[in-house]
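Single chain ahead, by itself, as structure tokens, in the form predicted on its own.
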Amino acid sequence: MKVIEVRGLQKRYGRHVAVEDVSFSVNAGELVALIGHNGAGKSTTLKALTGQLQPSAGEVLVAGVNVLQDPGEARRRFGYVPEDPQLYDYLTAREMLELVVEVRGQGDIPATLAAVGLQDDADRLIREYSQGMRRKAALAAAMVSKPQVLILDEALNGLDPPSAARVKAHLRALAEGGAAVLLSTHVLETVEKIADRVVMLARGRVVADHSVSEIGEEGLERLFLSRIGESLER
């Protein structure tokens, strides 16, 4: 079942086209990686999906809800980590998660803190956190209520290797439990290890949409370089 749907998405800023006719979907139980060069349109696509900007054309749906028509209802269906998350600096991580659980109506705070590796620092103020710990707190807030959809924009940046491994395992488990996960990343190794499918953007267009198993070992980097190179040469 398609839980994330992007249909003919276009976003223009004057004469500049950020994304042009982007279409793809993510099924329940699927972890899809969105990759592309800097400026390819990844963040623009995710901001349209999360209702932060209005497309010039096309539509986006989350769990069957049209994000443009009913953004409030759509936001109830997903957890989101932006590239530069803004947190409640004068709350502890535990307090922030308690707030999310109260708003969302469900959540397992101890399990989520353990999944991101914050259980020993959960009662410190977020303003005292390093950048990596802030990233863990943002991930925890997105995941704690086990939403139907997770949308993550470079969300693994800045994590130390043990924390990154824990989070990737948790994302994989969420997908296997039926969630739809869309992860924007530059780290191809992450894609190869945990993603079911990869959607590649170049110059605001989809230039590849393949299952990772079809690409084969050591094939993703070659595919990335060839498709990106072909697009930039046009």
Partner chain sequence: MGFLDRPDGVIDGVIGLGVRLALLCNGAMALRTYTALVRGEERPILDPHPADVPALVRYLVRRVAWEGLIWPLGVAALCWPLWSAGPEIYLTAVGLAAGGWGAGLLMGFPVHLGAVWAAESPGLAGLFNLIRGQNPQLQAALLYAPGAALALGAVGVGAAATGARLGLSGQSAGWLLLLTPWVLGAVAFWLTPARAERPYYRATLLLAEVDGALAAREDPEEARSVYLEWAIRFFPTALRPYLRQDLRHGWRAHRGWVTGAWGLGLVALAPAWSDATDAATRAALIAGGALALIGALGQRLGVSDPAWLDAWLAPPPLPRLLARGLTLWAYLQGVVIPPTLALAVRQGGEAALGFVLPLEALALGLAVAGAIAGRMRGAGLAPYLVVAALAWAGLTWGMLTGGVS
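Numbering follows the first chain given and starts at 1. Worth saying up front: this structure is predicted, and the values here are computed from it rather than measured.
This protein has a second form, the form predicted in complex with the partner chain, left out of what is shown; the following refers to that one.
Shown alone here, Arg76 lies within 4.5 Å of the partner chain in the model of the complex, counting heavy atoms only. Interface membership of Pro71, defined by any non-hydrogen atom within 4.5 Å of the partner chain in the model of the complex, is confirmed. In the model of the complex, the partner chain sits beyond 4.5 Å of every heavy atom of Tyr129. In the model of the complex, at least one heavy atom of Leu53 sits within 4.5 Å of a heavy atom of the partner chain. This chain appears without its partner; in the model of the complex, the one residue of Val100, Ala164, Ala122, Ile109 with a heavy atom within 4.5 Å of the partner chain is Val100. Shown without its partner, this chain lists Met96, Ala115, Ala155, Leu150 as candidates; in the model of the complex, only Met96 has a non-hydrogen atom within 4.5 angstroms of the partner chain. Scanning 136 to 150 for heavy atoms within 4.5 Å of the partner chain in the model of the complex gives just one residue, Ala141.
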